[in-house]
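Just the one chain here, laid out as structure tokens, in the form predicted alone.
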């Protein structure tokens, strides 16, 4: 009989924390042994999230190394700057670590400090960490002890562009990623911009001069392209709870063939269980992926001219966060890749 893996979650009161619990509740090979929250220590999980009544007989605890180090794997569903202060001790205790924040996503420590406004606490671990986009780094994730879970926008954009960059099918210097996210992407913390009266019945761009996900996207796209890409990334806030829709524009030359590009996408993602390459002319919707770990992509070449449009849709809390983290966990612990993630999207 296969031994059950013990899993701990640091920062269990946020949206990604509760999404991790939702997914792990039905995972056949793991047991959540600890979930931490300094502010809610001692309270039952179901008191804060009634949706989990009957699923977890657990109270929030303090995130001590003794408690966390007893787990086979620890998720950090915490703000930026938290995991980097505790990861080393947990790795030394024998636990594997997945950080859902940005502490280990960059290769360049100075670049990270520039965008996140703090000094990094463990530069050596940043260089060791594996970037956890399974569609790119599956083999490396399987061997890793520390994984940086990608950002939500970077996930949607990379999946939409990887086959084109790897095959040299687009102009790498003129890429536009026009992305829209639901309000849950801002987290559960109280903020005026996330209030219903502020975000409802409205639509706005933000972070246009430079969003924190921009350097992550550029770095990873440049790796795929084999050269530094030119990218304009504009995120938008939409009045919905979940979902990211990325509309990506790329320039192609006169010899570009849309059918060939479609075949490249289908071949590239044929063995990737969570990417759905839709038929040419399709329009993926955020509601078609809600609650699931699926990314749906579709290609368009308007009027057959030199602009290729790629549409990419994910649930920002699942494929863009907790679901991708569980996917990485499965790979790191030698479990079935799709375990706990074979869930259909919610509709309506």
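Numbering follows the first chain given and starts at 1. Just so it is clear, the structure is predicted and the values come from calculations on it, not from any experiment.
This next part talks about the form predicted in complex with a further copy of the same chain, which is not shown.
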item: a further copy of the same chain in the predicted complex: contacted by all of 116, 220 and 257, heavy atom 4.5 Å; value: no
item: Partner-proximal stretch of 247-255, 82-90, 131-139, 152-160 relative to a further copy of the same chain in the predicted complex, 4.5 angstroms, heavy atom; value: 247-255
item: a further copy of the same chain: the contacting residue among 102, 98, 71, 277 in the predicted complex [heavy atom, 4.5 Å]; value: 277
item: Partner-contacting position among 94, 226, 168, 207 - heavy atom within 4.5 Å of a further copy of the same chain in the predicted complex; value: 207
item: a further copy of the same chain contact at residue 240 in the predicted complex, heavy atom, 4.5 Å; value: yes
item: 4.5 Å heavy atom contact, residue 232 and a further copy of the same chain in the predicted complex; value: yes
item: 4.5 angstroms heavy atom contact with a further copy of the same chain in the predicted complex for residue 124; value: no
item: Exercise: residue 268 in contact with a further copy of the same chain in the predicted complex, heavy atom 4.5 Å; value: no
item: Contact set, 282-317 vs a further copy of the same chain in the predicted complex - heavy atom within 4.5 angstroms; value: 283, 284, 285, 286, 287, 288, 290, 291, 296, 300, 302, 303, 305, 306, 307, 309, 311, 317
